[in-house]
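Only one chain comes next, encoded as structure tokens, the form predicted alone.
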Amino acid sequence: MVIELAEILSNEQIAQGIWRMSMHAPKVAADYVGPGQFINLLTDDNWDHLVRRPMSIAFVKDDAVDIIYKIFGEMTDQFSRKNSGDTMNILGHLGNVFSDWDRQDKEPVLIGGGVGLAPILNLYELCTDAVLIMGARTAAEHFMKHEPENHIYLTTDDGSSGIDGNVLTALNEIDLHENSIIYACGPELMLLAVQKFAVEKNARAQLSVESYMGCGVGLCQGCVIERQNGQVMKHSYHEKYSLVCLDGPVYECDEIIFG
């Protein structure tokens, strides 16, 4: 883990409210392990913005580290105003990775929704044969094409592109096998639905959890999630709860409890 002042190579809007930023960050890129990891960003070094923002890594190539982000508030709006040549203060790499996607006997089914697109696209770039499901509210938020013949399925809540519905609508149309593994990242309600689906279908699933966090290294305790462990004593805090920044963000779906 390092702190690096990275130079922005490009920062472009790729869909409605969604941007892709590429940064020259050789130290972070050199330590990068794989899809699922994230970085913690400061837009500038002043007292107005003390808390970093976690961003999943979307791509790593040579010395470049890319993120895909959605404008939600003041900080992400400031991200979008950065230009080539500006800098970002990066803390990274952080978190664990998706696993077993590269086993020849496994069939990955990748699901991304909302701002949970980055780690899923990161993983998709490495998979030789995978099903990809991408969810959005409307067609304007998509930056890929709906290509069922290539196992790429887009969904929209308003039916303006691809499949009318959410990612579960598309997932129910996919033929799962005993060697299928679902990989998902997105809003908590989406992950909860995927978790329930996996349990009902007796399918293995790995979920990348999005969480509010300040430090990214376990000090602020802001990213607590409950473990699926009914055997622990109530006072055994570290066995009953997990920190997403340290233990995650990727979990097997039977490891955690949402809500």
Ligand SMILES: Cc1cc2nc3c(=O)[nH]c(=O)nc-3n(C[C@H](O)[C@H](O)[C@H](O)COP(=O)(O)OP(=O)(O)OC[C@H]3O[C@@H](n4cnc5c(N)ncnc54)[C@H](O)[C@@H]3O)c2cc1C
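Each residue number is its position in the shown sequence, starting from 1. All of these numbers come straight from a predicted model, not from anything done at the bench.
Quick note: we don't show the form predicted in complex with the ligand, though the next part is all about it.
- Remark: of stretches 173-181, 133-141, 98-106, 114-122, the one touching the ligand in the predicted bound form is 114-122 (heavy atom within 4.5 Å).
- Of the candidates V209, A203, V60, L42, V209 is the one whose heavy atoms come within 4.5 Å of the ligand in the predicted bound form; the others do not.
- For the three residues F38, R53 and K70, a heavy atom within 4.5 Å of the ligand turns up in the predicted bound form in every case.
- At a distance threshold of 4.5 angstroms between non-hydrogen atoms, T87 is out of contact with the ligand in the predicted bound form.
- Under a 4.5 angstroms non-hydrogen atom cutoff, the ligand in the predicted bound form lacks L189 among its neighbouring residues.
- In the predicted bound form, L126 stays away from the ligand, with no heavy atom inside 4.5 Å.
- Heavy atoms of M213 reach within 4.5 Å of the ligand in the predicted bound form, making it an interface residue.
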